[in-house]
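Okay, so we've got a single protein chain in two different forms coming up as C-alpha cells, structure 1 first and structure 2 after it.
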Structure 1
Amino acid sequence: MSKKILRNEAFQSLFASFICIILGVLIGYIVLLFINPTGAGEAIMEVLKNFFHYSKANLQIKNFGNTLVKTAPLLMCALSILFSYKVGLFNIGAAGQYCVGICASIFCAIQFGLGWLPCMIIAAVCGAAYGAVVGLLKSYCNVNEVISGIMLNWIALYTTNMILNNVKETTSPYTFHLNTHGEQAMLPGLGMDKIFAGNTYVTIALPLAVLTAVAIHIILEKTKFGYELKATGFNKNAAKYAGMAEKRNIIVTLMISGAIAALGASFMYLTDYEQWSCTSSAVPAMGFNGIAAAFLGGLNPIGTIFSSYFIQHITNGGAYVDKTMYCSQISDLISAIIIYLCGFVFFIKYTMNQILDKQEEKAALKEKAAAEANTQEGGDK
C-alpha cells in the first residue's frame, strides 16, 4: 500500500514541491544570515506570513485579497506555459503575450471606451495572434519556439510602451486610471469586496482563472482534441503518419497559450490595481514566474492553482521585510531562490522513482533467491 502511494503521480508532485519549498526557505534564510544575522529569522517569517503581518482581522482579509488579485494573472501565465509544455512546446513567449494583453485591454478601455467583456475578448484574440507567429515560425521555418518567443517578448514590450503612450498621464509615465478614464471596462466584483473587507480589486478574475484551469484539465485529459495535441507533442512524425495535422496542432497550441496569457493580463489591468509604465525596460515578471508555478504544480492544471497562490504569497510577503536591515531587493532575492528551486520538482520525482526501482529490484532478487533455495531443499528431500 505504501509503495502504491509513493508511486502515485499526485503524491510525488506534492512531495517534490514541498521539498523544493523547504529547501528554498532554508537557502533564503542562510543568505539572510550572511547579510545580517540579527534579523534573519524575523525576515524569513515575514515572507512566509505575508498578510498575517497585520494584527487586525479586517486588514489581514483585505491584504489577502491583494494577494489573490495577483494570483489570477500568475495562474493564467502558468496555464499558458503548462498547456504548450503538455504538447511538447516551451512557450517562453508568455511574457510577450502578456504584454500584448496589457496593451489591448488598456487601449481598448481608455481610447475606445469599450466594456470589460469586449476588452477581455480583444486581449485574448491579440494574444492568440501573437502566439500564432511563434507557431508559424516553428511549423514552417523550423525556428525554435524559445528563440522566437524571447525575441518577440522585447518587440511586444516596446510596442506596448509606444501604443500606450497615447493613453498615459501627462505628468507621469503611467497610463490613466480606469476608475477615471475607463470605468465601464473595470471587471465586476459581484459583491466580493464585501468578503474581502472592502477590497474592490478582488473581482471575477479569480474564479474565471480557476475555471480556466479546470477547462484546460478537461481538454487535455478528456477530449480527442487534447489527445491529438499531446500526440503531436510526443512525436510529430508519428502524429503525421496517423493522419493528424501536426503543423496545425502546433500553431493552435501556441495560439491557445497566447490567448490564455493575454487574458491573464486583462484580469490584472482591468481591475485598476496597477497602471502600466510607458518607460518599462523589462518584460513583466508574471510570464517568467508562470514557468515556476507550472513546474511547482507538477504540470497539473489543478496543482498549478495552489502553486500560483504560493509563489504570489511569498512574493507579496517579501514587501514586509525590514528595509532598515536589508535592501529593498532582498524580498525578490528570497522569492527568486524559492522559484528557482521549483525547477527541481521533476528531478526529485525522477530520483524517487529511481530509489523505488532499486528497492523493488532488490526485493525481487531476494524473492528469486528464496524461491531457488526452497526448490533446492525440495529436491534434496
Structure 2
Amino acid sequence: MSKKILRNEAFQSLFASFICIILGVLIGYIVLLFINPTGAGEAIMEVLKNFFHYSKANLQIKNFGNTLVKTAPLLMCALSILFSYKVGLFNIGAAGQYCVGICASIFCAIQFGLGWLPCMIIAAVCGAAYGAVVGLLKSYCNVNEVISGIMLNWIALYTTNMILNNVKETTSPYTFHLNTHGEQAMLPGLGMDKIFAGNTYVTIALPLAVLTAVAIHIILEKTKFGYELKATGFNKNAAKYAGMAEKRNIIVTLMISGAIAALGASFMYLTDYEQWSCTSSAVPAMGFNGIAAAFLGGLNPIGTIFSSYFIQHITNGGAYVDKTMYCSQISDLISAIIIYLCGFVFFIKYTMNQILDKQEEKAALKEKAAAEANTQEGGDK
C-alpha cells in the first residue's frame, strides 16, 4: 500500500517541494554560519518564526495579518506564472504586469476618484493588454517570451514612475496615502480586521486570491478551454493540427496571466498597506517571488496557495533577523535557492520512480524465484 502512495504524482510533488525547502533553509543556514557563526541558529529561527517573534498573541495575530496581506498579491503573481507555464509559456513578465496593475489602480483611485471595483477592473484590463503584447510578439514574431517579458518589465517600471509622479506627495517620492486621497477605492474589509486584532489591511483581497486559485484549477482541469490551452502548451503544432487556434491560445493565455498579476497588484495597493515610490529603480520583487511560489507549489494552483504563504512567511521573517550581524535579504537568498532546487524536481521524481522500479523488479524476481522453487518442489514430490 505504502508503495502506491510513493508512486502518487501529488505525493511526489509534495515530497520534492519539502526537499527543496529543507535544502534551501539548510543552505541559508550555512551561509549565515559563514557570515557570523554565533547568531546563525537564532537568525534562521527568526526567519522561520516570522510573526511568532512577538510574544503577545495580539501582536502575533496582527503580524500574521500583515503576512497574509502580502500573500494575496504573491499568490496572484504565482498563479499568473503557473497559468502560463501550463500552456508552455514562462511569463517572467508577470513582474511588469504587476507593475502596470499598481500604476492603474493607484492612478484611477487618486486621480479619477474611482471606487475599488472599477479600479480593480481597469487594472486587470491594463494587465491583460500588457500581457497581450508578450503574446502577440510570441505568436506572430516568434520573440522569446522571457526576453520580451523582461524588456516590458523595465518599460513598465519607468512608465509607472512617470505616471504616478502626478499623484505623489510633494516632499517624498511616495504616492499619496489612499486613506486621505482615495478612500472610496480602499478594498472593503468585511469585518476581517476584527479577526486579525484590528489589522485593517486585511481585506477581501485574501479570499479573492484563494478563489482565483480554485477558479484556475477548475479552468485548467475541468474545462474544454483549459484542455485546449494545455494541449497548445504540450505541442503547438499538434494543437494546430487538431484544429485549435494556437496563436489565439497563446495570446489569450498571456492576457489572462497579465490580468491575474495586475489584479494581484490592486489587491496590495488598494489596501493602502504600501505606497509606490516614484524613484524606484527596480521592478517589484513580487513577480519574481511568484516564480518561486509557483514552482514550489508543484505547479498546482492549490499547492501554490500554501507555497505562496510559505515564501511570504520567510520573506517577512527576514525582517526580524539581528540587523547588527545579518541582513533581511537572507530570505531572498533562501527563496532563490529554493527556485534553483526546483529545477531538480524532475530529477528527484525520476530517481524516486527509479528506486521504486528497482524494488518492484527485485520483489517480482523474488516472487518468481519463490514460485519456481515451489513448482520444483512440487515436481520432486
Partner chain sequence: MLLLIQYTLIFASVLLLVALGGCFAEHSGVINLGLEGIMVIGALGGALMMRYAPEGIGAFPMIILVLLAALVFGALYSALLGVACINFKANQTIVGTALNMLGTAAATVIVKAINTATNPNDVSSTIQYVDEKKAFIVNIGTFEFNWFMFVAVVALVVAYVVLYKTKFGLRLMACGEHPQAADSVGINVYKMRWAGVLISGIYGGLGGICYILSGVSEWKFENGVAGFGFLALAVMIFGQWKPIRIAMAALIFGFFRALSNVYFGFEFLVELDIPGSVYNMLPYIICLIVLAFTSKKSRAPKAEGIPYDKGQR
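Remember, it's a predicted structure, so these values are computed and weren't measured experimentally. Just so we're on the same page, residue numbers count up from 1 along structure 1's sequence. Here the rigid core means the biggest group of C-alpha atoms that line up within 1.5 Å when the two forms are laid on top of each other.
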property	result
Structure identified as the form predicted together with its partner chain	2
Flag for S55, CA shift 2 Å or larger between structures 1 and 2 after aligning core	no
Core-aligned C-alpha movement of L356 between structures 1 and 2, 2 Å or more	yes
